[in-house]
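Let's start with one chain on its own, the form predicted on its own, as structure tokens.
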């Protein structure tokens, strides 16, 4: 349970939170902000790092191929290796479009 005076959910600060295929073996995630203020708040808070992604998704760091804070677009992007190729037997999300949901509830400390 969050205290609305001291934290905000990532979903309330970001303009776009999405995931999609990045080829057959990877899923890429984009967290895009409308303004520099919210982007910098999240970027500097430490709430969204390679380590938090590993914890959130229950993966090892070696499954993250890229983690980028892209200042010109006010975006944080990361890419993970899939457990199995897109569309292969047992793949629960062929397009990788349903993998962003755990990011929505990340609590961001407010100043």
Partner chain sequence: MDSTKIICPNGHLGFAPLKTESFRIGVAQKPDFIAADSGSDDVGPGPLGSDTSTSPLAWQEHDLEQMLLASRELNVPMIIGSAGDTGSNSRVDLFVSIIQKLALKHGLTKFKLGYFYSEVDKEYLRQKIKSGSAITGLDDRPSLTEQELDATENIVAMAGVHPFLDLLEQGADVIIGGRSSDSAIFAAAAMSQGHCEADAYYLGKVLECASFCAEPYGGKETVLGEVNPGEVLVSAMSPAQKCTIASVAGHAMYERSDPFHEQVAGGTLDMTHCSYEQTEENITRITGQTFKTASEFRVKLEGSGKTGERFLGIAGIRDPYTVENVDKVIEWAKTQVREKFGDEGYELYYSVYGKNGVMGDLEPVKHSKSHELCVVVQAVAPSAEIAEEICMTATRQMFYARLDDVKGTAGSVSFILDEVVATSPAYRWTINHTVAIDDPLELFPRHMIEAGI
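Small disclaimer: the values here were computed from a predicted structure and weren't measured. Positions refer to the first chain, counted from 1.
One more form of this protein, predicted together with the partner chain, exists but is not displayed; see below.
None of the heavy atoms of residue 9 is located within 4.5 Å of the partner chain in the model of the complex. For the chain shown alone, residue 13 is not a contact residue for the partner chain in the model of the complex, no non-hydrogen atom being within 4.5 angstroms. When the partner chain is considered in the model of the complex, residue 17 lies well away from it, no heavy atom lying within 4.5 Å. Proximity of residue 26 to the partner chain in the model of the complex falls within the 4.5 Å heavy atom cutoff. Although the partner chain is not shown here, in the model of the complex the stretch 77-111 places heavy atoms of 77, 79, 80, 81, 83, 84, 85, 86, 87, 88, 89, 90, 92, 93, 94, 95, 98, 99, 102 within 4.5 Å of it, in sequence order.
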